[in-house]
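Before any questions on how it binds or moves, here is one chain, the form predicted alone, in structure tokens.
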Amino acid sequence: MCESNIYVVGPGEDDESAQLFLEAVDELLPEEAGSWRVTSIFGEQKILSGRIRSMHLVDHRIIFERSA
């Protein structure tokens, strides 16, 4: 399986405080400037505003920082 979980943090927060946003994400598509459409393998879709802070693909973990 190649899907990842997406976690979010606020501006200035460290990665350890990241909160789970969506599990088993299969698709990550840019939308309007600064927002992303994420879709899980179960078909659940959400919109997330912010930037990708880090990606740890071996750990299946993508961390976003929310817009201020």
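A residue's number is simply how far along the shown sequence it sits, counting from 1. Only a predicted model underlies this, so the values are computations on that prediction, with no experimental measurement involved.
Beyond what is shown, the protein has a form predicted in complex with a further copy of the same chain; the following relates to that form.
Colleague: Taking a further copy of the same chain as it sits in the predicted bound form, is Gly43 near enough to touch it, meaning that at least one heavy atom pair lies within 4.5 angstroms?
Modeller: No, no contact at 4.5 Å.
Colleague: Is it the case that Leu22, even though its partner is missing from this view, gets within 4.5 Å of a further copy of the same chain in the predicted bound form, heavy atoms only?
Modeller: So Leu22 does not count as contacting a further copy of the same chain.
Colleague: Hey, in the predicted bound form, is Ile52 touching a further copy of the same chain, heavy atoms inside 4.5 Å?
Modeller: Although a further copy of the same chain is absent here, Ile52 would touch it in the predicted bound form, with heavy atoms inside 4.5 Å.
Colleague: Are there residues in 16-45 with a heavy atom within 4.5 Å of a further copy of the same chain in the predicted bound form, and which are they, in order?
Modeller: Sequence-ordered list: Val25, Asp26, Glu27, Leu28, Leu29, Pro30, Trp36, Ile41.
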